[in-house]
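Just the one chain here, laid out as structure tokens, in the form predicted on its own.
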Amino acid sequence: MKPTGILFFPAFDWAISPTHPEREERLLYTRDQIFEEGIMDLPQIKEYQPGLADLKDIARVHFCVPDIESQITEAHLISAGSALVMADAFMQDEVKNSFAIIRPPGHHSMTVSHGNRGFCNINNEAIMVEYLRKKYNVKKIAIVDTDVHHGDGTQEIFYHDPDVLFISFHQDGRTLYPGTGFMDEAGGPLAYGSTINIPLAPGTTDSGILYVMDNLVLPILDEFKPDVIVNSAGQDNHYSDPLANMAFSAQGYARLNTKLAPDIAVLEGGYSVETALPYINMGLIMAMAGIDYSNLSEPDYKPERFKESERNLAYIKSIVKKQLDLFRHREEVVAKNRKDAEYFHNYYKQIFYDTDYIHEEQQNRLRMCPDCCGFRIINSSAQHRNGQLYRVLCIAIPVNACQQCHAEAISAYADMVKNGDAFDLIYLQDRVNDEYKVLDITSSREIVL
């Protein structure tokens, strides 16, 4: 039996502020408890050392404004790189599964990155997914986000990609940041049904979340048949988390992990530093490694306090029914969208960076291709904290773009370079050729990765 791979990266030199909830102690209490319990000495566990992502790994996913170096620190490269280490360990058959216990987190970071939002500058899971596709030619990937906050960044990055299934259960966006993740957010017109959101009422317990897992998430995964399952492993659904209002336990997380059986888990949120995270991480590691966790429990856990109400269970059942039906009819909707579509699908977005207090405006154009999922043109503008206004134009070519769309997107980039005086920066993200360019209009300097 192959072991479970574990990697710790607490990022001692990175913090938003010394007292911010997203700080190094999130991992240090976990590491201390796990080593004290002797878990890391068991033959079922293999520890890995952090790695370093390179700039191309970041550019494969993000348009960082004005450049990658200004949006990240070395800690971000190590956090993302450590997820890649865990991906390599799994894909090279060294381990049966792997868990990257890392920070800074990433699931709120979107395709365009003007700064930090939701404690995230770059998206570790998305970077890992594109790495898996490029290096190992993985075709179909499922990301199951178990963070209490909707993974809006991961959703946005893969919203138009039918080969990446994104499932997120989270506290209802009407009651919690980032205010998104509703059931009608179901994927773009050519990838409808590849995004499944499960907004849960505050106070939902183990019973409610595990019902969702058994009756919605697992059936969808069984039908989608992904080559790799990624768990975006947020831990702030816990009953003691100070930033949310859910009622999940460490035992519940372990049972969820047993059912989900992710190939790779990557840590996201979770801010009950002493009273929850050591127990949740212990439960996840034990579940992934096949170690008995039946005696795992927080010191203050009293199961009689956490009973799912009949009303909430009925609500959860209605979500399950609606979303399962949506997923099973997705191909019909996509076929209709292709038939009825105009050449481009246009939409507008406003994005708020709560950490850096930046307001971004975006105009998006999606090429409605009959043969693939198209390519995107993103017109983005935002005033950064230093007062500088950046107007950027971005072309994103997906890895599964057809030959026609690829050629059309390359031609569009050439035209924009000739006529892009209204912008400060023009980007090309060509995942087909794994080539990434950014042209600084002011200096006429083009950087190629």
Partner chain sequence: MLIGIDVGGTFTDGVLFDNGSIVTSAKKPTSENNLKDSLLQVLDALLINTDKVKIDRIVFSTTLVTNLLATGRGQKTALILIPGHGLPCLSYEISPDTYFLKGSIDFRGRQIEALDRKEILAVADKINNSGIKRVAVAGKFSNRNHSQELMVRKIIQEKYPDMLVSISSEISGKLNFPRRAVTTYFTAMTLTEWNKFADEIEAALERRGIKAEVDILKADGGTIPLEVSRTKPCETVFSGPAASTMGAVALSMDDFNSVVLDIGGTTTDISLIISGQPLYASKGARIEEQLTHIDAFAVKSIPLGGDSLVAYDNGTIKVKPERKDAAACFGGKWATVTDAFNIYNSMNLGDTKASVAVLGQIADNAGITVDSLCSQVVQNVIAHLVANINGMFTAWENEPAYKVWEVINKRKFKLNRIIGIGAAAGAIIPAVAEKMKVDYLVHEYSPVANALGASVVRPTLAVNLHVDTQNQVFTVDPGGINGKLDHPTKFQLTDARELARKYLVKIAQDRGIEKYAADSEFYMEEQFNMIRGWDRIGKLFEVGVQIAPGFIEEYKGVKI
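Numbering follows the first chain given and starts at 1. The structure displayed is predicted, hence computed values, not measured ones.
Here the subject shifts to the form predicted together with the partner chain, a form of this protein not shown in this document.
Consider the chain as shown here, without its partner, and state which of Glu69, Glu47, Asp415, Asp54 has a heavy atom within 4.5 Å of the partner chain in the predicted bound form. Looking at Glu69, Glu47, Asp415, Asp54 one by one, just Glu47 meets the 4.5 Å heavy-atom criterion.
The single option of Leu190, Leu200, Ala75, Val112 touching the partner chain in the predicted bound form, heavy atom within 4.5 Å: None of the other options qualify; the answer is Ala75.
Indicate whether the partner chain has at least one heavy atom within 4.5 Å of a heavy atom of Asp13 in the predicted bound form. The answer is yes: Asp13 has a heavy atom within 4.5 Å of the partner chain.
Is there a non-hydrogen atom of Phe9 within 4.5 angstroms of a non-hydrogen atom of the partner chain in the predicted bound form? So Phe9 counts as contacting the partner chain.
Quick check on Lys437: any heavy atom within 4.5 Å of the partner chain in the predicted bound form? Residue-level check for Lys437: no, no contact with the partner chain.
Do Phe248 and the partner chain come within 4.5 Å of each other in the predicted bound form, heavy atoms counted? No.
Since the partner isn't included here, can you check whether the partner chain sits close to all of Leu210, Pro219 and Arg328 in the predicted bound form (heavy atom within 4.5 Å for each)? No, none of the three is in contact.
Please determine, with the chain shown alone, which of 170-178, 128-136, 311-319, 270-278 has non-hydrogen atoms within 4.5 Å of the partner chain in the predicted bound form. The contacting stretch here is 270-278.
Partner contacts for 18-41, taking the partner chain in the predicted bound form and a 4.5 Å heavy atom cut-off: In sequence order, Pro18, Thr19, His20, Pro21, Arg23, Glu24, Glu25, Leu28, Tyr29, Arg31, Asp32, Gln33, Phe35, Glu36, Glu37, Gly38, Ile39, Met40, Asp41 come within 4.5 Å of the partner.
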